[in-house]
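Take a look at this one chain, the form predicted on its own, written out in structure tokens.
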């Protein structure tokens, strides 16, 4: 039997990373829920947000926690521009064209990042959120703890915005029936752009929080995007609560399998769980919002 304190530490780590997975997944599920389009370049948006806060720190000594609003704003603009310049022209095209467009954006952004900043791994040295705290006998990394809380609060805010505000209800109306929403005076194109902006802004928050303790490199987005795709499918496409639940489950499964089996098999167990859910409940754990 493993030591209870060590097991508690492992579970806490799983919950922390699960909140980050959930926030990245929420960005994906908002876009899909409104437009039925999967953004395969979502991980590269995360990578861009991490580089935004890195260069703010490297050039102007602005700590990542203070660079977070800048990251959110930049990524929101990136999301809106992606819709207007890249996605909107292929809205009425076959699904394969939409897939190729976002996959092409993925390759392009990775290539640009490697060209501009090299494939080197970078790390922000001595951010304000450094050190550890003792909470109920557990060692808690300050950066990871704040990142988890920030991710959870952002996820809750997005859910509140979609469910409780007039604009959020307009997003839901467009997601339900674009033509009926247009007859009610809702500008579908504006809602599509907003969905892309919100989806990108979510990873703007996640990237700024991760940059406090995670290495930054051109393909870092792939590490989180692949898990995010699994979380979206596991929780239910279009479901924000589903993304949150799935993110936590994946985080726990990942760390517990790495602890009890071997770190090399932690992703295998995550995908095995996903396959089981797909076979038993193809629509995911929760429905669409």
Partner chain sequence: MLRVNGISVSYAGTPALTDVSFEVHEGEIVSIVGSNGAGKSTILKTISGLLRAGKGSIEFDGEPIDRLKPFVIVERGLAHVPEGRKLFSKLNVLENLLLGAYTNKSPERREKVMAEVFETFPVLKERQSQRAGTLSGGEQQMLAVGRALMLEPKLLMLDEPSLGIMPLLVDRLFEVIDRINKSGTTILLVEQNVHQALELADRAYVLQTGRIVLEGAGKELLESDMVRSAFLGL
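Remember, predicted model here, so these are calculated numbers, not experimental data. Residue numbers count along the first chain shown, from 1.
Beyond the structure shown, there is the form predicted in complex with the partner chain, which is absent from this document and is the topic of what follows.
- At least one heavy atom of residue 172 is located within 4.5 Å of the partner chain in the predicted complex.
- In the predicted complex, residue 216 stays away from the partner chain, with no heavy atom inside 4.5 Å.
- The partner chain in the predicted complex is not approached by residue 94, whose heavy atoms all lie more than 4.5 angstroms from it.
- In the predicted complex, the partner chain lies within 4.5 Å of some heavy atom of residue 181.
- Checking 72, 86, 186, 146 for any heavy atom within 4.5 Å of the partner chain in the predicted complex turns up a single hit: 186.
- The contact residue chosen from 191, 90, 105, 129 relative to the partner chain in the predicted complex is 191, the criterion being a non-hydrogen atom within 4.5 angstroms.
- With the partner chain left out of view, the stretch that reaches within 4.5 Å of it through heavy atoms in the predicted complex is, among 119 to 127, 164 to 172, 150 to 158, 75 to 83, 164 to 172.
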